[in-house]
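Form predicted on its own, single chain, as structure tokens, below.
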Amino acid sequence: MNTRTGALIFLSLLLVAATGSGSDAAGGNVAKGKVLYSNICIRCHGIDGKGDVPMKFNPPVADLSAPAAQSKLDGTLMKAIHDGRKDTAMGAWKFVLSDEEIRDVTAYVRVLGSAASRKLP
């Protein structure tokens, strides 16, 4: 993929994020996102998205329920899923997941953040 194509995909993801509703981040389907998360993401990010799994990575896996992840724009999260993250274990999922599925996973990641904020100390 050339730089121009990558930039167009990123801008498209940002546009989708900007037009999505608050209840389902980026216009994704939370239920479908949960299924995808359970089949793919759970291995590294864990059940609650905290990254507390037996496998250890350097740098550590992102805690998807933490404010650091939850404060990111939907487009930023979708881009990280789509393209992966440089110098981390997070690979690109663009070859496995469709853009719609990436939106669904992003919608479910937002649920992980809201669940964490409801837990009492």
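Throughout, we count residues from 1 along the sequence that is shown. All figures in this text were calculated on a predicted structure; none of them were measured in a lab.
The same protein also exists as the form predicted together with heme C; that form is not shown, yet it is the one meant from here on.
Heme C is not shown here, and in the model of the complex it never comes within 4.5 Å of any heavy atom of Val111. In the model of the complex, heme C sits within 4.5 Å of a heavy atom belonging to Lys72.
Of the heavy atoms in Val30, none are within 4.5 Å of heme C in the model of the complex.
Heme C is not drawn, but in the model of the complex it has no heavy atom within 4.5 Å of Ile47. Heavy atoms closer than or equal to 4.5 Å to heme C in the model of the complex belong, across 29 to 53, to the residues Ile40, Cys41, Arg43, Cys44, His45, ordered by sequence position.
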